[in-house]
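The chain below stands alone and is given as structure tokens, in the form predicted alone.
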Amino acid sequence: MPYPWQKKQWRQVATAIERQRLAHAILLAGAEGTGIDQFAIELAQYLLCEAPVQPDSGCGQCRSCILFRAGNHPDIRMVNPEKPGMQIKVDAIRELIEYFHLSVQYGKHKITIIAPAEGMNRHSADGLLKTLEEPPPLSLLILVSYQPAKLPVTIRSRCQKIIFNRINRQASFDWLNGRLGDSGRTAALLEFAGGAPLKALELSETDVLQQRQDVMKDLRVLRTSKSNPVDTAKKWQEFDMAEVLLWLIFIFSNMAKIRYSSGNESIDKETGHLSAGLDLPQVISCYDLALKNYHLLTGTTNLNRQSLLEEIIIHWQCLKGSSLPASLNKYD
């Protein structure tokens, strides 16, 4: 059964199935952490089920469903990178093409899920193109993409697109709060996860909110005293570097919203106090620097990780603005 915030997309697919207009290739595109990979799996089970429960689930009891859940169904194949973050190599696509030309075992579909599809390198994408142009009978290819713009136009144009670009906030909040039982924490995690409920659930098992508070406190101290940027950078390196830079991007983004709107009640007061005395261009310069260094960190170039943090810290510390209000101390 799909997640509560995916009902619109499931209706779209169900209608296509009912009208026999489901394409031989489907592109599921949306943000990571919103469950589109699970949507692909649920769709595959539904299509292979011998007695599907209408309108959104396989029966879970037929031979096909039992084999599917056990990971032994002969008519479903998953294609993923060998390791997270690695490319999907052309050999995997060649094996997929051979698989598609085998006979269907249970007479319904032969399905392959490629996730994430943007993990295919150029040779892999070129190898897949012929299958998209001349699909074998009863074949169904499901592409899961978190960054569909990275897919070649020749691939995207040959797929039926199901877009997951707007998540129902209330549905995702209710789902996550039902698991955490703390509305304040739920709201904070969802905001930090960019509205992606599964990512927020994953973050709930970490110290991310406390660590973010530590970074916020360090930013206050850096503006109110002559703290050593090197020491602060070393401290932040004890956290996950990519996460720290994402926190900074998130914090500076909220500051920019406050500066732009001259006060935004939806942003926490602590962030508002932290941005006191700074104008919008100053805050944006911090945001741009944090974003640039995040891309450098997650890119292919091997850079001095501490220097990326030190650059942001020094830039922040050297901003000229009025002093922070004394009331800021109450957050310590």
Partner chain sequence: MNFIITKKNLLPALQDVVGVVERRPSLPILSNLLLNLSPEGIRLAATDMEVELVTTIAGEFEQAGDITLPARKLFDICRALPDEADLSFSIESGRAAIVSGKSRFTLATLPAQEFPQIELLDVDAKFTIQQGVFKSLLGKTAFAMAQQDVRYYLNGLLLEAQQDKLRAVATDGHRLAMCDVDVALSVDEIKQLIVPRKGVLELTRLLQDSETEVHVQMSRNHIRVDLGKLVFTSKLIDGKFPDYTRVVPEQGETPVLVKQSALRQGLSRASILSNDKYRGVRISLEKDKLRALVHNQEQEEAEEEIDVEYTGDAMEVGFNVSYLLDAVSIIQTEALMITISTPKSGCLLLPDDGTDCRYVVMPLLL
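From a predicted model like this one, the values you see are computed outputs, not experimental measurements. Positions refer to the first chain, counted from 1.
There is another form of the same protein, the form predicted in complex with the partner chain; it is not shown, and what comes next is about it.
Engineer: Exactly one of L67, L291, I26, L280 has a non-hydrogen atom within 4.5 Å of the partner chain in the model of the complex; which residue is it?
Structural biologist: When the partner chain is considered in the model of the complex, the option within 4.5 Å is L67.
Engineer: Can you work out which of V104, L198, L151, M241 has a heavy atom no more than 4.5 Å from the partner chain in the model of the complex?
Structural biologist: Among V104, L198, L151, M241, a heavy atom within 4.5 Å of the partner chain in the model of the complex occurs only for V104.
Engineer: If you check in the model of the complex, is K269 within 4.5 Å of the partner chain, heavy atoms only?
Structural biologist: It does not: once the partner chain is placed as it appears in the model of the complex, K269 has no heavy atom within 4.5 Å of it.
Engineer: So in the model of the complex, is the partner chain close enough to N72 to count as touching (4.5 Å, heavy atoms)?
Structural biologist: Contact with the partner chain, yes.
Engineer: Is G184 near the partner chain? Define near as a heavy atom within 4.5 Å, in the model of the complex.
Structural biologist: Judged by the heavy-atom cut-off of 4.5 Å, G184 is well away from the partner chain in the model of the complex.
Engineer: Report whether the minimum heavy atom distance between H295 and the partner chain in the model of the complex is within 4.5 Å.
Structural biologist: It does not: once the partner chain is placed as it appears in the model of the complex, H295 has no heavy atom within 4.5 Å of it.
Engineer: If we take heavy atoms and a 4.5 Å cut-off, which stretch out of 137 to 145, 215 to 223, 116 to 124, 200 to 208 is in contact with the partner chain in the model of the complex?
Structural biologist: Selected stretch: 137 to 145.
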